[in-house]
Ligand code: PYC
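Given next, in C-alpha cells, is a single chain: the form predicted on its own.
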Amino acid sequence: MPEFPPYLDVVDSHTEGEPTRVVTGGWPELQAATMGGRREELMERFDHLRRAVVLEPRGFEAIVGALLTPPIHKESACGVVFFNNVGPLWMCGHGLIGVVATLAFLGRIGAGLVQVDTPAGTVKAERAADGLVTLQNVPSRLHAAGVNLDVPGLGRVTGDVAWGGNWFFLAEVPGLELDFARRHELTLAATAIKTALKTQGITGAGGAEIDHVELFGPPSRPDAQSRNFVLCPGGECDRSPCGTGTSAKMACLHAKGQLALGQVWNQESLTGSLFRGWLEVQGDQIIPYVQGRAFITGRSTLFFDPEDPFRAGLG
C-alpha cells in the first residue's frame, strides 16, 4: 500500500483560464540528480500522490500539477516537474507561467528574470511589475510537415508534427467549429486523430509518442491570428492557448516561411483568452517566447485521511 504524507500544501492559479496546482510543501524529497530523473521518479514512486493532487475529489481532470524541487543549476530559482491526470509531463507553458506567479505570491521572487529547471530543459521567464510573464521556452522545431492521416469519421487529415516542449500533431480540419461549447465534439475528433497517429506509426523524434493534438482555425477576436483547440494527454482540452502548443505552432510557421523572427503571433484559445508569442534565434536553434498572465485562485492544504477510500483520487 503506497504511503501518503499527512498533508500537502498547494497554491492554485489559472493561466488564461487553464488551472495549475503548485505543490509547495509536504511531498517527500525526490532523490534523482537530473530533472529527467525526477520526472521518472515521480512516475515510479509517487504516482499515487500525482493522482491524489489533480484528480477528484480534490481536483478535476483539467488541472495540471507542478511539484517544486531544488534546482539543478545554481542560477535557477527552483526545479519543477509538471504532471496531469495521466502522468508526468516534460514541460508545460501555461504551468510555468503559473509557477512564476506562485513564486511571486509566496515572496520567493520579485519582478525580473527567473530561471527554472524542467525535464525538457532549463527555461527562463521574465515577470513584469504588473504580473505579465514572458516565457522563454525550450528550442522548438518542425519535425515533419504535411503528414497525411486516414482518420475514421474525419477522412484524410493533413498536419504537421512539431516539438514545443511536448510533441504535437497540428492540423486544420474543415467543418469543426473551435468553440468551448463544442469541446466534447472537438475532443472526440482529436482523440480519433491521436489514435490514428498511433495505429499508423507516426511519432516524434526517436519514436516518441505524439501525445498532444492541436486543431487550429480562424480567430474570433480581432487581435489574434489563429484560434486553437489542444487535446492534452489525459483527454482534457486546454483552456489556455497552450504555451508549448503555441511554441510548436510558431516553429511550424517559421519553417514554412510564414512567420519571421521577431514577428508577433497572437494565439487565441478555445475560451477566448490570448497568448502573445514570437521567435528568436540562438545559434542554430529557434527559441519561442510566450507572454501571458496567471492569477492566484487559492492556497490550501490537502489532507489524506487513512480511512478515506478515495484518498488516491478517482479515475
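This one's a predicted model, so the numbers in the text were calculated from it and none came from an experiment. One-based numbering along the sequence shown.
Separately, the form predicted together with this ligand exists; it is not shown, and the next lines address it.
Of A190, C92, A162, V80, which residue is found within 4.5 angstroms of this ligand in the model of the complex when only non-hydrogen atoms are counted? Contact residue from the list: C92.
Heavy atoms within 4.5 Å of this ligand in the model of the complex: which stretch in 214-222, 174-182, 231-239, 149-157 meets that? In short, 231-239.
Each of V64, N166 and G243 within 4.5 Å of this ligand in the model of the complex, by any heavy atom, yes or no? Verified in the model of the complex; spot residues all in contact, yes.
Would you give me the residues of 5-19 that have any heavy atom within 4.5 Å of this ligand in the model of the complex, in order from first to last? Going through 5-19 in order - heavy atoms within 4.5 Å of this ligand in the model of the complex - there is one hit, E18.
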